[in-house]
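Take a look at this one chain, the form predicted alone, written out in structure tokens.
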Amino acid sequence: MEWFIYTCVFAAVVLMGFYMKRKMRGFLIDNRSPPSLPSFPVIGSLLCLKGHSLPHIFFQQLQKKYGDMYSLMMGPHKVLIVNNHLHAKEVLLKKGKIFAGRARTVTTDILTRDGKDIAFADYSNTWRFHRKIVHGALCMFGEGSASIEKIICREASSLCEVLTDLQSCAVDLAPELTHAVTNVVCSLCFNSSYKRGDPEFEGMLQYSQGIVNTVAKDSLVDIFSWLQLFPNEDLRILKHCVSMRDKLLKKKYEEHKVDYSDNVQRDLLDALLRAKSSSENNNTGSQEIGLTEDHLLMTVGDIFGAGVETTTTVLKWSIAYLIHHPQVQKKIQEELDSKIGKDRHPLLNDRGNLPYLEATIREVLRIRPVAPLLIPHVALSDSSIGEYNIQKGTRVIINLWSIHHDEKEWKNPDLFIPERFLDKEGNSASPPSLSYLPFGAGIRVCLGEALAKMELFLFLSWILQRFTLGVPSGQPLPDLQGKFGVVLQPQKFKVEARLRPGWEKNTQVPQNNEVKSD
């Protein structure tokens, strides 16, 4: 009996030592892990996220309690929230390849045919190959290219004609801005554009809005994928809208194949067909490198979808802030009058001579980032950010809102001050903080950055050269809070566009510099 007692005591001591060793090891590991929100079995931290303010603002508020970087559990998925530009640049630049992964979700798989696009595809040789092709095609229309400039100016001219017809009326500009930007992207992708009321164009707007509305809902099915086994109205709508989109993309693809020539590159779809043809002729095997028909269609769909919603949203925010700050609008118009006048329309090479307009665009992108929470990155291997260990598979969300509103980096970050991007002489200057990342950075930086900057400059300069934008009588100022979704959109608001003095009988550009609309 005595030996049994000694044995039990010895076993207890050994087990206690083993337990304490594991406890200490876990403590040391936890010490190298970021602070974490409370988490519960199965649901994770979801209870902590319900009923609060917009996600990007809520995550910013949590900094006071948890610090610049903290984690939470979205059901079974560990998510890291990064609110500091130094940590963000470590993720995006210093360790860009390690954190270049993308999460697979039910809705994005439906949207991209299981990740065969660019924005939501996981980092791989296939993804790098596709991005290289699209980048090359975009360079064909690159900054300073007469082709893309002519396209944007054509749509800007058409937009100004519409505003002339509607001047002094209370107008929601969103549909007109969407039409103009959509035509630019259609020209880029398909070498075609649409007139207002075109049935195909109206269908395009319908399915695009349906996709935006359903993907923006942050459905629980993206956290618990098994929920897709049950009836889901949002998924039904998404699948229907994606089917409409794919039907149009397939039609454009077949039309391009009929009259495709290796010697002519009219648009992005031609560039993709050329790459596919080249890989087949060189026996590299388009199937092996992933250049299937699905990849081509999803890549075009990706550029088309992202290119319209983001640029249109920034234009709407720009107009909202110009209405709130008429003194900023007046300064831009004085600059346009001084440097361009009324004898011609603005061109891309005027950008260097219009620093205040450029500063205003930069400030809009800072104060209302179009994607306040960048698309989540995924750690492809165990790594670290700052002093903390990060496990493989962790989803990393860059809170661009926090970074652009950091009081340590920006003076009065909640105020709209274009002058912060100018030097004392009023010339363009580098951002006053290294935390300015409106298009992201690194491997996953926005492919359409150059195109978006061209569109923002040309559309705004054309409009403000001719019109003064204000609040219609009896209408409130635009709400600057915004609604969170695929992008951070302003609430709907009405605008009154009045022709400026001297433009009443001079709404058209002189014949030697005129850009006619379709």
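Residue numbers run from 1 along the displayed sequence. Everything numeric in this text was worked out from a predicted model, so none of it was measured.
The form predicted in complex with a small molecule is left out here; the points below concern that form.
Not one of 346, 350 and 459 comes within 4.5 Å of the small molecule in the model of the complex, counting any heavy atom. Using a 4.5 Å cutoff between non-hydrogen atoms, residue 207 counts as a contact of the small molecule in the model of the complex. Using a 4.5 angstroms threshold between heavy atoms, residue 120 counts as touching the small molecule in the model of the complex. The shortest heavy atom separation between residue 310 and the small molecule in the model of the complex is within 4.5 Å.
Proximity of residue 370 to the small molecule in the model of the complex falls within the 4.5 Å heavy atom cutoff. For the residues 133, 188, 74, 215, the 4.5 Å heavy atom test against the small molecule in the model of the complex is passed only by 215. When you look in the model of the complex, the only residue of 443, 170, 380, 375 with a non-hydrogen atom within 4.5 Å of the small molecule is 375. In summary, the region of this chain contacting the small molecule in the model of the complex, judged by heavy atoms within 4.5 Å and restricted to 78-86, 401-409, 180-188, 302-310, corresponds to 302-310.
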